[in-house]
Ligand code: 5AD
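Heads up, the chain below is alone and in the form predicted on its own; it's given as structure tokens.
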Amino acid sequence: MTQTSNEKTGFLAEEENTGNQPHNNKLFIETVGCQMNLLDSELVVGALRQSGYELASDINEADTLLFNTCSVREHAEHKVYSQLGRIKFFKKDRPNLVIGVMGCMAQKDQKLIFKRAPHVDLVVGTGQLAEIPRLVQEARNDRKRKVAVSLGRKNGSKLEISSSFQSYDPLRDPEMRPSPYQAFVRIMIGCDKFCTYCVVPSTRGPEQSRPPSDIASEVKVLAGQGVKEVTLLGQTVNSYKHTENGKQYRLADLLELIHDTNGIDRIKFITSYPKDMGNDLLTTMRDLPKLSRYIHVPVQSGCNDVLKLMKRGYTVEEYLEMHDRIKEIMPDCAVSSDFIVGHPGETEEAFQKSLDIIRLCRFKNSFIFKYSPRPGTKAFDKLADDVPDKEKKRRNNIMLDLQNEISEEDNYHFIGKEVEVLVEGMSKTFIKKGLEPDSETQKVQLMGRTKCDRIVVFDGNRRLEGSLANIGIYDCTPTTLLGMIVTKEFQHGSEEGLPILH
């Protein structure tokens, strides 16, 4: 076995000759993790289609298998390694099969993946996704293992490290999107916040913002493909900053730039950082009609001592001041949050303070995670994982129950009201159950989201998909509003508190 490497790019190749066999051009890709990973998968599929590949829904049909991975939580890594274990012997029947691991886990674990899964052919980090079509072909031709990863945060100058993380946004593939009418647009990559529990600064690299003209052009392309809603992505999206043609653009400026794109009805952005939430952004959201009234801005903990251990860079009081400004400028804006329970140093008193901030802010919803130590983070190296797993689970369940209670109470206030919904397609429940359209009316259960990002399900014809529809709400759950299409008239305050349809 021979080995070559390039220190600037982090590229490494290990030779393992096994010959060459005929193969099909079918690709199977499995994605774990956040919206950034979903977008990465779409771009990789788009690039491979240019090389003649077709997307396969069955892992047994393809001769190229890619796993797009996440390292934020231990569970996500276990899921990928389990899947790799299940395909361990696939090459016995398909000797020309190429198996690749890409994304955050690839950047973090690198050659460790080969030790745990020797049948893997290539490991490609988040900054080298553009190399995948070439690497797949080379791995198939010469049967050499390939590693293409970016430099570590301490392995070069900031320019060298930034250059090793490429912003990869050349091609789009509608088949990989949440729906044909929704698309993600990356406006920046990387993160410089260095929260003690988080691997993202290592796996995604330094914070870099894309040129606004490139973003505006991409949004126009998506609109031409029938996209009605774009979601701008960044690890800390409201930290966006880029100077072009002598003008500095922040997120508010970028939103103004793309707002009038013909065909686009809705614009959202995630995920925001509390310290960077300026009034210019909030007033822009208020004044531009296509902007959703929704902000995802994680607090992570309601205790200052824990926030300090997390190195979040703000206090509970500063977060609440930001939350008050959001509600003052946009009273109808929904706010969602993230929480980590069982972080090192989180006492029962600290946990109760997190519950208090949920009660006070009344988040639309919260994404709640149990702390898991991640190698490569400061928390892993310096903070003892001092909360037992059983206690983490207890806190997780208590917080989830509280959030669900608040979400249902707030959703209840929509009953008897009319909301505008962007219809995304059939509901997940309808699809999961394998139900068929009504034989007479051809109605199915559809789903969409309000301008404040609340999920609505209702019966309707599929021709409504991709359009804006008015829905009367008659019931709710903690996560969903239940409604009916308003066709002519909607009377508020009817005897049953239900919409009156004609």
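All figures in this text were calculated on a predicted structure; none of them were measured in a lab. Note that residue numbering follows the sequence shown and begins at 1.
Only in words, not in the display: the form predicted together with the named molecule, which the text now covers.
Asker: Considering the named molecule in the predicted bound form, which of 72, 322, 161, 139 comes within 4.5 Å of it through any heavy atom?
Answerer: Exactly one listed residue reaches within 4.5 Å, namely 72.
Asker: Among 128, 300, 366, 238, which has at least one heavy atom within 4.5 Å of the named molecule in the predicted bound form?
Answerer: Looking at 128, 300, 366, 238 one by one, just 300 meets the 4.5 Å heavy-atom criterion.
Asker: Using heavy atoms and a 4.5 Å cut-off, decide whether 198, 340 and 371 all contact the named molecule in the predicted bound form.
Answerer: Checking in the predicted bound form: 198, 340 and 371 are all within 4.5 Å of the named molecule.
Asker: Heavy atoms within 4.5 Å of the named molecule in the predicted bound form: which stretch among 100 to 108, 372 to 380, 250 to 258, 79 to 87?
Answerer: Result of the contact check: 372 to 380.
Asker: Relative to the named molecule in the predicted bound form, which residues of 107 to 121 have a heavy atom no more than 4.5 Å away?
Answerer: If the 4.5 Å heavy-atom criterion is applied to the named molecule in the predicted bound form, 107 to 121 yields nothing.
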